[in-house]
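One chain comes next, on its own, written out as structure tokens in the form predicted alone.
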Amino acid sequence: MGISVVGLSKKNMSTVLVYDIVIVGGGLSGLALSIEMARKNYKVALLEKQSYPLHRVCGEYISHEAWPYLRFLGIHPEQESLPVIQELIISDTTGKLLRHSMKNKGGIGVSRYWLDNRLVDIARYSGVDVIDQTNVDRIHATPTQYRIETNTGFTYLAKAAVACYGKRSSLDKYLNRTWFMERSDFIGVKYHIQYDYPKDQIHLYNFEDGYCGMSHIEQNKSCLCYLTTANTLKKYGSIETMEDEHLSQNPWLRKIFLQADFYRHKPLSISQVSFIPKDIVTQEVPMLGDAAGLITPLCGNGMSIALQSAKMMAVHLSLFMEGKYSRTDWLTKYEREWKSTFAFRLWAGRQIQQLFGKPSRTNPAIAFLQKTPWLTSALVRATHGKPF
């Protein structure tokens, strides 16, 4: 491992390890950034609280905009036999369908399990010290370095630290992030299933107080992921009962839950999913991916945004590490670019989300969009970006 053992901290008797850069969180943004910086010959530690390989609650769709960057990292989508998504299918709560071509704004279906595992291998090959099963308790910025304290008895010191720990973490509370105290009622649930439908389609099914996305991924599997509310789950008492009695009121979802083969009986789930705008830099700690802001799942671009945020961070972080930026320059310029690139897309996603999951809004909206394909195209463009 490319580390230096400095000694023991008398305060907590933890071993102190020194790196150039410490990245907290090993999702897409963290892995991509670690690869970029290790290729620039920096000593990089990537701290992930879970163990690789792992599944995550995610829609598992990457739009075409991210393909150039995936190739740069070492993954070539066109060579991987991954399903190419070219058509959007949306149902209202009664089952009426809207079909829309996405040939110019489509993407690929790929599981986080597959993609994260490939990126982990690339990161290790690039020289990153990937340290999983490590939970970060604190990140503290001093005038000259960052101190990262973990639950494993190791404390990390680095010139730069970046937070890529996902949708919600105890670190948000420690860093006193304002949005963290606002409770969210949203919960996410994900399955991998086998179900027969065209491989070039991504489906979005509406139901009362939620919506469900489905698209093909690798190995003839599909990702089935839905968002609903904790109050809805509480009403039915269990996920299985909620699916049988509530989600299945949409005839398409009823058919899927009856006919699909589920690879795991119990789904992955996550609570308190928040779409509230977040601070991009907190106490001099910059945020990437979902830690910086979460796009609504119906827009299907969280994975692309995570990767693009890593690419832009690599540019600004490199200038800081080279001494061409002060820390203030690094954080300010990154925050400014993040907002100019993503703020509108996340805002547009929140506005579109208000049309879904409520029959009184959803059903008229779908009927109107069926008659105005140009508007549907405009909504798709609003949540997609340019190739990077």
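For every residue, the number given is its place in the sequence shown, counted from 1. Just so it is clear, the structure is predicted and the values come from calculations on it, not from any experiment.
Below: the form predicted in complex with a small molecule, not depicted.
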Stretch from 282-290, 176-184, 232-240, 73-81 whose residues place a heavy atom within 4.5 Å of the small molecule in the predicted complex: 282-290
Name the single residue among V273, I85, V120, L204 that comes within 4.5 Å of the small molecule in the predicted complex, judging by heavy atoms. V273
Among R112, H316, K105, K221, which has any heavy atom within 4.5 Å of the small molecule in the predicted complex? R112
Please run the contact check for R56 against the small molecule in the predicted complex: heavy atoms, 4.5 angstroms, yes or no? yes
Should V130 be classed as touching the small molecule in the predicted complex when contacts are defined as heavy atoms within 4.5 Å? no
Flag P267 as yes or no: does it have a non-hydrogen atom within 4.5 angstroms of any non-hydrogen atom of the small molecule in the predicted complex? no
Close approach of K278 to the small molecule in the predicted complex, 4.5 Å, heavy atom: no
